[in-house]
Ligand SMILES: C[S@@+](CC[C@H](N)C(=O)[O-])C[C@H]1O[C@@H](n2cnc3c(N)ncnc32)[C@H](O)[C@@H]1O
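First, one chain by itself: the form predicted on its own, in structure tokens.
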């Protein structure tokens, strides 16, 4: 199957003497990747009145460096368009053969044809642009923005994958007319959130994941189990989440359904386990939510202990079905090495771990700390953190359940208040970053150093700018790639109190 549907060259039209508009077909060079993984091309010209104009085109299937023929689709005003690639005229110097048979039609990897060296360049540019935007045009003078540290593995690096059941399967262009499209299990096609692409092989998932997906699909079809219809909110099967411990080999299957349906699910699970005896635990999560979320209000353990284990930095962690755990174990080890270097813990220091999840960052980084104090809102994650500390023999860790915004002030001002001069804070928030009201009290507390671990350069740079405004100095920016072939990049920001760094 060709990378893109081809059009006869005579279909191209030049935008000359006027500004571009919807429906125009133009040739352009894709210059960069945006934070959503789309290729971005620039257009420029002169209109009838002799005035210069500029416009950008965002392309879902656009590889930076390629020259493409594009049809302009809807846009915002006449300066920002979305476009569809009609033909690749020149793949460019950084194009590589696709690793995956689903490249171009699967939303799992945004840039499957872009050479890895260019991917790293693009990711660093996203970090620089995020800092430029957050600091009003340029980051503070003297800040080191390192090159993105490369991932050693480009395939099979994810220890967790969330596959979706859907009642509307994405039909490939080479399939015959009238083919059955009422059942799919895989990943969403780009931009088509109600349609699911049947995934036969996922190149970034751990070894054995694709075989599990294939069996789950075949058994569901054989047993007549209905997939979830995102539009009508009907059906039973919603998600198949698979996780494997990189260092332990333990394997979890988490089946998310719309109801318990024991008479249907238990035989289905038994058949899946018979085909895959390597599965060490299988759980069912039941959710009534209409949105496509891979967690439930109730959990039922159908096989095994209901959890698996993995290791980072020599520390063993318990992972439940709804626990957050870094999805690239090997690179997570390196990420926390960078964070530990940035923290520079000294004897007698307290490590304050905000958004601690299952305690990963604090337990990996905090061996030299006098005390580890973790804050986390999710009760199950707090339970896992306490258990992880116990398993690791860490006696100097305590975990507090509560929202950071509500809990942080009491922790910093109570009878057991921490000494700012002897406190280093590690912050590892969700993609949305900190609540707007958190940077203020955090900066006011005045920990000697803050290590902000960000999975979203835009929100991370925004929060870092707020902390700088509150009296911190940004010392270093260390990006590291945990997700090859996607636009995602982790960043370790190092901040110090202005008085301490002067």
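Numbering follows the first chain given and starts at 1. Remember, predicted model here, so these are calculated numbers, not experimental data.
Quick note: we don't show the form predicted together with the named molecule, though the next part is all about it.
Interface residue remark: residue 135 is not counted as part of the site for the named molecule in the predicted complex, having no heavy atom within 4.5 Å.
Of the heavy atoms in residue 111, none are within 4.5 Å of the named molecule in the predicted complex. When the named molecule is considered in the predicted complex, residue 163 lies well away from it, no heavy atom lying within 4.5 Å. The named molecule is not shown here, and in the predicted complex it never comes within 4.5 Å of any heavy atom of residue 75. Exactly one listed residue, out of 357, 83, 366, 184, brings a non-hydrogen atom to within 4.5 Å of the named molecule in the predicted complex: 357. A heavy atom within 4.5 Å of the named molecule in the predicted complex is found for exactly one of 346, 91, 175, 403: 403. Partner proximity in the predicted complex, defined as non-hydrogen atoms within 4.5 angstroms of the named molecule, places exactly one of 164-172, 324-332, 92-100, 224-232 at the interface: 324-332.
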